[in-house]
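Just the one chain here, laid out as structure tokens, in the form predicted on its own.
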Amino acid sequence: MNKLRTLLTITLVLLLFLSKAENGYNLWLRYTKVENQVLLKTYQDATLNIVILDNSETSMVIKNELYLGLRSLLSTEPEIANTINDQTSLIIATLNSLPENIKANITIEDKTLGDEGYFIFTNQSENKKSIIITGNNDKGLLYGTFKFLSYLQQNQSIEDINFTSIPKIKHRLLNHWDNLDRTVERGYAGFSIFDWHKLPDYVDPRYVDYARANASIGINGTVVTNVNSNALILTPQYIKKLVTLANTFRPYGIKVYLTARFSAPVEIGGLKTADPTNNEVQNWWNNKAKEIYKLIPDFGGFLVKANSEGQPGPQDYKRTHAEGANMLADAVAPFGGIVMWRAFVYSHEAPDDRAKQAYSEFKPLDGKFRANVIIQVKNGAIDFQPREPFHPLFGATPKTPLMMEFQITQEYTGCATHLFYQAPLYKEVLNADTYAKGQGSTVAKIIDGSLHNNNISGIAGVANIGNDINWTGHPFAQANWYAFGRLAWNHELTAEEIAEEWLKMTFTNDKDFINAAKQIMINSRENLVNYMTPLGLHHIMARNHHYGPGPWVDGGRADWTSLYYHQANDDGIGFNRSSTGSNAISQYFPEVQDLYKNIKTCPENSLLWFHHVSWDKKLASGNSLWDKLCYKYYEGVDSVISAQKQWNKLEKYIDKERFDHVSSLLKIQVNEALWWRYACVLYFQQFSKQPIPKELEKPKFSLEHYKNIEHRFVPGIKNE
């Protein structure tokens, strides 16, 4: 407790120092002075009496957060006590701890709130109003406290509050693709924040700020190691280091998880096999689980990438994914742990369409996994593309719970150089109707467990966090971390609502700024799709680092080339996944098949995902496919230029540091959008043999010029 108190004190001092410079470090927890004059008049000249009735490490976190937040927001010194009196204006307590006279005014039942839900309401008692934040335990109180502070941050009235919030998904995690040497695979914001070299003795105050940020948006778990895992993380030396992180995160309601390298029994255990049916292997994992849980009783469990992209797995021993997952699940089950087994499996040796392979692998295993196994499925069947149809596995395994895996980091979407607000992408997938049990069987209802009555539910986001001062590289990339957390808690929120919240807390409450900046954010996803991969094109990025266009990429394993996916030739372009092609469309339910199977009815934004279309084909717009493709590439660039002009008008509303930072990155984005446009149009023109529509500006350089643009040492990959 004393160590935590010291660490919190250091963190508060650091925050106060950093708040003087608008460098983005404080994220959406800036706590700048409230501009609502009614709120200020109510509290500025009065003593804000707060009572926290519960006594735990989390209660101390709540106390410190309130002190930091209210002192800055309301310019008043809050008094925090543990006894209610006539002057008390804010009471934070579990339902069981509340006085009977207050509890009598509560209509919501404790079983409704669950372990993490909270209820904020205004209590009227003998002409005295007080605000109550309550829940079943201190986690709910913590989430409720952050929500209360967000009201003030957004200049919203706190008079007569009556607000209940319960998370729709149980396990809401960040997946860090961080390596033990502090490099981050697909990381574009510096090195890992986890300094394994200095752990366990040095606790970086940034760990607390990381936990604060996650708790404020409801994230309750973190996988701190890369899915391409290193068995060393399971050694005693590193488990002791993990204990420090677990102890730091626990008061914020965050559990730690590890990636488990399937071959660890061989690599660090001295066994000759990692076969999941082998008794010695099973005992090794059982003992490893006991070792971890003895030191970290609330350890969350394991995330596993197996038999994919060279990673070891049960298929090395002719065992199924279910046999491998169940072995690990049995090891952590006595302690309440779970296993998240990734469905991102494919092989270049398989003759079938890569988009079909995960479904083909896991659909037959439905119902064969232990109750504490959840299959982690990427939002689309290929790999975090700017747009993909939802993964066909969603809805296909009613007896096996599935969790979503979104990518927050921008591997294929500009590597944190481009402004790309991902909430519209997330919402497009979450709202997609699978028709698994008829109309209304959305992906969201599958992953929250409600459609198939699953007892376990989860969602993961591949983190975009690094040790850059602003955490995410691009100031607007913070919004993707924020949006993921908010949708993980409540997938019914809209992208617009989330953008507005984030802008108010991160920049300013000025309506003119909010309206303009929100529009830039909402449009950014479609803009990027248009100048990178319009009409359903996908995976045409440069090889390896995926930064910039590479529709010409060929050679090596086919499914890592662009030609495999766009299949451009003299006849047309696109991957035929209809019944006359790979028939990947058959993996969807009939209603979805009916939408996509016919070129005439297939939505244009997915046309080339499912069909090989002739260059002269007339689309619904009246344009030929070739002309439409050109128009989309040009529209994408023009929209980014428009966003840049909109941003330049907002300088007067915010601090110079962040305005200039975003302005500089938008210049890069405009130039690179032009690069994408001309490289792709010129490349595909070789096959269409048609002119670029005459009203469109012609490229200044040849295709060879664009093919020779080469980026070296792009962050996030192993560079030679």
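Numbers follow the displayed sequence, beginning with 1. Small disclaimer: the values here were computed from a predicted structure and weren't measured.
Omitted here: the form predicted together with ligand BDP. The next part is about that form.
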| query | finding |
| --- | --- |
| Stretch in contact in the predicted bound form with ligand BDP, which is absent here, among 610-618, 377-385, 489-497, 282-290 (heavy atoms within 4.5 Å) | 377-385 |
| Exercise: V227 in contact with ligand BDP in the predicted bound form, heavy atom 4.5 Å | yes |
| Distance check, F344 to ligand BDP in the predicted bound form, heavy atom within 4.5 Å | yes |
| Close approach of Y412 to ligand BDP in the predicted bound form, 4.5 Å, heavy atom | yes |
| Proximity of D554 to ligand BDP in the predicted bound form, heavy atoms at 4.5 Å | no |
| Heavy atom within 4.5 Å of ligand BDP in the predicted bound form - residue from K305, H321, K139, K241 | K305 |
| Listed residue (Y482, Y143, W177, Y426) with a non-hydrogen atom within 4.5 angstroms of ligand BDP in the predicted bound form | W177 |
| Neighbours of ligand BDP in the predicted bound form among 167-189 [non-hydrogen atom within 4.5 angstroms] | W177, E185, R186 |
